[in-house]
Ligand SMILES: Cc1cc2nc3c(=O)[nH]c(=O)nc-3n(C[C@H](O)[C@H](O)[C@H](O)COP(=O)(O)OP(=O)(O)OC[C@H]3O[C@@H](n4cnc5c(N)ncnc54)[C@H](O)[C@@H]3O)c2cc1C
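For reference, the chain that follows is the form predicted on its own, supplied as structure tokens.
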């Protein structure tokens, strides 16, 4: 292994590979270090890959070049109880035209492809390479110590893109020693094999169209929600649950996932499928207030390592923020090379780039959302309220009907309470 580079990137996920790609295309000698045996080996992803504008600059026809499963044309929000479901669907032809608004992907395949593109551009990829410490000279980070070849690798700038528990950001003193469980979630996913023809028929899709469904009320009172996404010939189904709430409940993630998959409406969609795998992953959901320092003397932090994730209950954004921040980190490192200055002051240009991009602007916009999502009524009482109202509207049993106003007021009073409803509407308005 070579011992000196212009830049070192830790982690070959979307943020790290985007940074390495940007650096390599600028002609810099960059080492991309991945602890797995290949990029994507340790990743779990069962969601939608939102449009990646940063990568579209490198790949003008990204949708034809990247290993994507389907492009999303249908989005749904479902409120679920043990026996009922209430769906809000959005289907538009605009999402069936390029550039597509979102995709489903299989992360191991996608991550491997993106890392390979960085290598084609000139980056050096080292797999099975775990960083165990940072190197310092005169208080500035100047490289890393790795657990292979007994080696030290030096570079004037290091980009930490090593995931939500970022060892590098912690060692650099840019984040707290441990995250608050109140700011973390755990995602669990099952991959279900189904023939493409069955998926197309069941979800009303053609060609490589896809559907995404976010669900509320499927976590047995634990704060969190569910998802169901169509891959080319499989379904990704899972839950994302608030870590503190899950711990307090005493329930296990996989028991909750199995119950979710057995709910009558979900069981219909999964019928005939074959379980391929289970997986789990931590998700930073603290929003803007969870973001650590993103730069220091000789180091930048990108992607999940910088807690760049937006959870609104309607969308979960992570990979788009990761690729964009990784690209900006690469650009900041390029500028630092031009100045031959890798001090904290010089690398602060990265923070300014983030602030001027949608990454930080959207994180600030949804700053109050994590607090709103700590409202337990969202996960039990509101799904019951909506499904109960629809049941009474459609049930014909020979008894007189109430007016819609009386029905709504009576159900709200019984399930939520008017004061709670008004408080929750205000909270949601401020957060979203």
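Positions refer to the first chain, counted from 1. If you're wondering where the values come from, they're calculated on a predicted model, not measured in any experiment.
Although not depicted, the form predicted together with the named molecule is the subject of the following passage.
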| With a 4.5 Å heavy atom cut-off, would you call residue 33 a contact of the named molecule in the predicted complex? | yes
Discussion item. Residue-level contact is defined here as any heavy atom of the residue lying within 4.5 Å of the named molecule in the predicted complex; does residue 318 satisfy this criterion?
Written reply: yes
Distance check, residue 43 to the named molecule in the predicted complex, heavy atom within 4.5 Å = yes
Practice task
Check whether residue 222 has any heavy atom within 4.5 Å of a heavy atom of the named molecule in the predicted complex, and answer yes or no.
Solution key: no
Counting only non-hydrogen atoms, the one stretch of 203 to 211, 295 to 303, 83 to 91, 172 to 180 within 4.5 angstroms of the named molecule in the predicted complex is 295 to 303
**Asked** Hey, with the named molecule in the predicted complex, do 15, 282 and 322 all fall inside the 4.5 Å heavy atom range?
**Response** yes
Partner-free chain; cross-checking the named molecule in the predicted complex, the single residue of 155, 336, 191, 131 with a heavy atom within 4.5 Å is 131
Of 143, 226, 102, 187, the only residue with a heavy atom within 4.5 Å of the named molecule in the predicted complex is 187
